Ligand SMILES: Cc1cc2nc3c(=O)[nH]c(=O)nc-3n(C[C@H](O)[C@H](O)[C@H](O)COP(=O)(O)OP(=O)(O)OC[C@H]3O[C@@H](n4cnc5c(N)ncnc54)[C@H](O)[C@@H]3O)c2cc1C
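Next up: a single chain in structure tokens, the form predicted alone.
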């Protein structure tokens, strides 16, 4: 009997917009068991599963999807965790539509299988079952590896090398682990309890974690090399970019890093329960069009802003943010000002932001990114009222580690130069991966870099002379 093809994916239950803008609870509620089985049953079971080609960490996607169909959820999560230490995180924030789901055969005529939602279902099922399986750890090798940063790349390397029997210590600069997962992504998109759960799983493999430890200040890479056999740098990209226009030093102007860190890591949204005050303006503008811009705008709404605008110099078609995040923002009432370029921030006599001067734009020929270049329209200047602005146009790595590590090659944007296939840097015994190498990118790409680096580090350690 020929299987009937189902081209329509099962929608994800989520909070209604009018309710969710009043809280910081997770918006997407996850599949029920029945919805997950129905969605997994859409999979065609391709002999050559193209979906796996789009996964940076090579998850056995057909394997875990078929396990859901058979309701063997334990087998499904086991298959995922064979290559992915952060399934609950990836199932929520990874751009599956541009990776594994993009190459799903069903997507040619209908909607691809909701691979990310199914991954999330299995991770959440495992957590709710209370029985988290841990794979066997290899016998101790006597080799020690230091990891700088506890974000996606660092945790992935820690997981992979711990399973191979190496002694792993993570050094995290902040007072909580998780890197950008903790300070950058809002609670309503990625609950911090889930990040803590994933980090605790990796620690259960024997990984040590030192918080409040700023490598480059507390200890240098050279100092770590006196004790450890190898070092992996996964310090992220925490240095914000600004537009470099007049008025950016006014009160009420934030980088997205500061704005989101105050809310996410320091729990500003729960002031005064948490001792982190945060301004609650009435009219907020956010510069940029990526996921961080969407996060900032949606956070502003939840903090009580009457009106939130995203000011973006290109059109909706060029937005780099995930479609799901754009749609969520629109549903919640965020206003998009496309083809608009901010040129000046204007303040009052007390130094507080009051207005924004902009130019209208039109799209010209494509630039190096392949997107059509925005061109100003002469004489199109206009003003917008604003009492807060959030700049979300990108980040570079913090220069602290390169400045304190002689012989470490750095690119023109301050990124550490590392081999794409191995993560090796110009320094013997030092590897790097994730945003500190690429600049701000996706969680799963950082994890993919971590997996490659872990393999290279392991080969180096086992061949190292004692």
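Every value quoted in this text rests on a predicted model; they were computed, and no experiment measured them. Numbering follows the first chain given and starts at 1.
Below, we refer to the form predicted together with this ligand, which is not included among the displayed structures.
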Next item on the list: Tell me, out of 77, 158, 292, 199, which residue has a non-hydrogen atom within 4.5 angstroms of this ligand in the predicted complex.
Entry: 292
Notebook entry, point to check: Only one of 144, 279, 213, 192 has a non-hydrogen atom within 4.5 angstroms of this ligand in the predicted complex; which is it?
Noted result: 213
Check: 244-252, 128-136, 165-173, 348-356: which one contacts this ligand in the predicted complex at 4.5 Å, heavy atom to heavy atom?
Finding: 165-173
Notebook entry, point to check: Quick one: in the predicted complex, does every one of 231, 423 and 453 get a heavy atom within 4.5 Å of this ligand?
Noted result: no
Notebook entry, point to check: Could you tell me if residue 457 has a non-hydrogen atom within 4.5 Å of this ligand in the predicted complex?
Noted result: no
Checklist line | Partner proximity in the predicted complex: residue 235 to this ligand, non-hydrogen atom cutoff 4.5 Å | finding: yes
Check: Is residue 441 close to this ligand in the predicted complex, meaning a heavy atom pair under 4.5 Å apart or at it?
Finding: yes
Note to self: in the predicted complex, does residue 390 come within 4.5 Å of this ligand, counting heavy atoms only?
What the structure shows: no
Next item on the list: Would you give me the residues of 138-165 that have any heavy atom within 4.5 Å of this ligand in the predicted complex, in order from first to last?
Entry: 148, 149, 150, 151, 152, 153, 154
